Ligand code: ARG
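The chain below stands alone and is given as structure tokens, in the form predicted alone.
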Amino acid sequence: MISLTATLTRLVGDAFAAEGLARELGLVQISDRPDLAPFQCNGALVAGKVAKINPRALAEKIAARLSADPTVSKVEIAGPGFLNLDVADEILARGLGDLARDARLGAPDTGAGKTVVIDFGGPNVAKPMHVGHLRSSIIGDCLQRLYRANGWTVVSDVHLGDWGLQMGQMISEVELEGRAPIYFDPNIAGPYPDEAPVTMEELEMLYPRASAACKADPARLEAARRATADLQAGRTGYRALWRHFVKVSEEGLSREFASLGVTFDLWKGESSVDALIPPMIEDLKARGLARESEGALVVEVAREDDKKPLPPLILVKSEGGVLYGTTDLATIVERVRAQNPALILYVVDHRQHGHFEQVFRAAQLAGFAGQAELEHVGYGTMNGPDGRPFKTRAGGVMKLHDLIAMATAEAEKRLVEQGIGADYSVAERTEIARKVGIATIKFADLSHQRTTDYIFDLERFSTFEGKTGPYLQYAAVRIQSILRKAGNPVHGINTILHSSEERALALQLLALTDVLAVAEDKRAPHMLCDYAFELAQRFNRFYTAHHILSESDEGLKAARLSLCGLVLAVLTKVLDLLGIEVPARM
């Protein structure tokens, strides 16, 4: 459906064109000062600078033309030439009808015919998920939901860390422990056991032990490096043991991601492009893009206009192993061949920006990216009340399932405080607490601007008041209750707006198309959070000001119930984009 801003932009553009000026000057946006008007246009100011004319005088001419159009109910000039606009009630009512009939509920079709690949920069094999993986998972999932809603073909990839030095560290640790010798006997080429020689719990202990040993002992580190190189070179026993590591880890990670409601289209890792690396390197060498430097093979990516020198991308280390940059470059080759995407997003900690800049430049130099735009969607850190990265009370890294358990326990406490679910079954109360706990975590994260660090305060974000996930869930459940008590009526949207509260609610509902488009463009989940909170606030003002179930005028009652139904549909949609489930009752 066409948004109100698009409709107004066309009208204002026509007015500028009638004055002999560029139609693009008529761009209308949602107002920064909604207390003055819901929409604004700053084109007269821009035209004043470009055409050397008085912007206020021009704004007066544009306003005069717009005043004659029935779509525009108000046009005022502010300051040196700002145009403040409002639309007629009839236009709002018609827009509500269009929104209610739209199967996509206002989502713009910005991605028609285009594919986006979203790389979650996933966890490493053999490591449990912890709070450090939370933001990538939540932000990445919100973006894949948003892009799908806006018509894109989305391919999401967990992109496991399964091919680096940590693999060699664990392989060599297993060998040193004397465990599973069949994998280390050079005279045995298989077959190897189907059952893994280690459990996920053992892997969780194995990796930190091996990592610490390598840091403490140069000889131990060298053994790990040799094991890594042998693994990547195809040694059969090492490959078989590595496959066990990956399978055991994937089973554990699948459970962890499922607890967050996060899914992926692809469960690939760095190893998936192993076969592409040799021909890619030969191609880069043949074209003079890769050269030797101190025994390593590198691609120079520095530019003359760099404010800070950017080191070369190392493809092959002196001992023969490849690095993350090599596999990331080959992964671009694979993705472009397989998906031909218009866009590839990497949802990874902002501290990795330098790495991605190296990889992206190398891909562009080599022509590997094709038509794809490559973008690092960085994010800040989730911190505790002390302002430092969130940890356990003992100071250790908090596992993800422990954080979810904490949030669920806090949700159970809040439900008791609110007197919610006292007469529900234990199973239903437990499920509601789970949903509220997950909403607490997700909204706390997504409501902050992605690029900023934020303080995770479990007590504050778990309340049913203020800008929180539980508050929005409760708002949706309240509307569900109203509609159930009314017998879940199905009515067309009212064609007349009877009050300022209804008008404000209509404007917010019809802003959804613009919000979805801008949130996509800026990769900004917090804009969805802001929208949902404002929608719930406006609904509460409408609910407080008007009779709904107790309204004696049946026509008015039906109209208000239909408005409730549309608010519920939109609020539920936006919460779903955030990965937040709405309980049936609370």
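A residue's number is simply how far along the shown sequence it sits, counting from 1. On a predicted model such as this, the values are computed, not experimentally measured, just so you know.
Separately, the form predicted together with the ligand exists; it is not shown, and the next lines address it.
**Asked** Exactly one of Y207, W242, F356, Y183 has a non-hydrogen atom within 4.5 Å of the ligand in the predicted complex; which residue is it?
**Response** Flagged contact: F356.
**Message:** Please identify the residue among Y454, Y324, F264, Y474 with any heavy atom within 4.5 Å of the ligand in the predicted complex.
**Reply:** Among Y454, Y324, F264, Y474, a heavy atom within 4.5 Å of the ligand in the predicted complex occurs only for Y324.
**Request:** Tell me, please, which stretch of 192 to 200, 423 to 431, 285 to 293, 154 to 162 lies within 4.5 angstroms of the ligand in the predicted complex when heavy atoms are compared?
**Result:** Answer to the contact question: 154 to 162.
**Asked** Taking heavy atoms only, is G122 within 4.5 angstroms of the ligand in the predicted complex?
**Response** Judged by the heavy-atom cut-off of 4.5 Å, G122 is in contact with the ligand in the predicted complex.
**Request:** Evaluate Q352 for contact with the ligand in the predicted complex, applying a 4.5 angstroms cut-off between non-hydrogen atoms, and reply yes or no.
**Result:** Heavy-atom contact with the ligand at 4.5 Å: present for Q352.
**Prompt:** Taking 4.5 angstroms as the cut-off for heavy atoms, does Y346 touch the ligand in the predicted complex?
**Reply:** Yes.
**Prompt:** Do D445 and the ligand come within 4.5 Å of each other in the predicted complex, heavy atoms counted?
**Reply:** Contact check for D445: no, nothing within 4.5 Å of the ligand in the predicted complex.
**Asked** Are all three residues K435, D530 and E581 in contact with the ligand in the predicted complex, where contact means a non-hydrogen atom within 4.5 Å?
**Response** Per the other structure, none of K435, D530 and E581 touch the ligand.
**Message:** If you apply a 4.5 angstroms heavy atom cut-off, which residues in 128 to 151 are near the ligand in the predicted complex?
**Reply:** Read in sequence order, the lone residue that approaches the ligand (within 4.5 Å, in the predicted complex) is H133.
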